[in-house]
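Quick heads-up: it's one chain on its own, the form predicted alone, in structure tokens.
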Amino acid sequence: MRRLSDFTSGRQDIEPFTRDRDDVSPQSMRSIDGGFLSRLLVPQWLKRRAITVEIATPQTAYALGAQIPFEVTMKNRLPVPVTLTTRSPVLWTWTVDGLTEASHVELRDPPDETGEFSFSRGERKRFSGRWTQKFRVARREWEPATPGEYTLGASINVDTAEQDAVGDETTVRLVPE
């Protein structure tokens, strides 16, 4: 039978009743949930002003029938995370001349519950889409756009989006070939 002193005799460098240094995590790496603190401390009106929205198209004039690609860029200008409370789970929308997704009919019936659109500090989000130069007039019926100017817009789905500038617009011109 071996004695306990035989097992520990080769490990004199370890002090008794201490943990190995390998399993200790540094205390300075602790962090707090910035998103939670932002929800508590940053007022909603400031959060809305912190987020910028830009919509852009590669060109300003397009031939009739061509698809019009667009890119929506949203950026948090604050050095803290920001979470916006939206009117529904639909976080943002795009429009053509004020018609959501170029449709005269209601496309979806979102629930009456609110949603949350979260941005990390300084985060930039990009979404791309395209308009086919058609307007939906019924569930399964589309009308082509006529030559002229149209306003493409994008906005975050918050109350008073126009007042708080959580949206942007750009104008495109449709010309006959």
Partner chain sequence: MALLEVEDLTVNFYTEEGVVTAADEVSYRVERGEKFGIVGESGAGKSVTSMSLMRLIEDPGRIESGEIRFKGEDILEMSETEVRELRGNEIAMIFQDAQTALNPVFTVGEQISEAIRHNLGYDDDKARERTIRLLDEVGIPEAEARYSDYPHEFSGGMQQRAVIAMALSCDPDLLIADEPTTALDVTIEAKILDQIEELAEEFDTAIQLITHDLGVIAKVCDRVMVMYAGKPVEKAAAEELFYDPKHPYTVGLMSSIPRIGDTRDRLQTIPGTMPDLVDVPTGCSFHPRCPYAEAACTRKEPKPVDPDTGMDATGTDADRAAACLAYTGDLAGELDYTVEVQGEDPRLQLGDHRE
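Residue numbers count along the first chain shown, from 1. Nothing here was measured: the structure is a model prediction, and the numbers come from that model.
Another form exists, predicted together with the partner chain; not displayed. Remarks below refer to it.
Asker: Given that the partner is absent here, state which listed stretch (42-50, 125-133, 56-64, 148-156) has heavy atoms within 4.5 Å of the partner chain in the predicted complex.
Answerer: Answer to the contact question: 125-133.
Asker: When the contact criterion is heavy atoms within 4.5 Å, does L91 count as touching the partner chain in the predicted complex?
Answerer: Heavy-atom contact with the partner chain at 4.5 Å: present for L91.
Asker: Which residues within 132-149 place at least one heavy atom within 4.5 Å of the partner chain in the predicted complex?
Answerer: Heavy-atom contacts within 4.5 Å come from T132, K134, R136, R139, R140, E141, W142, P144.
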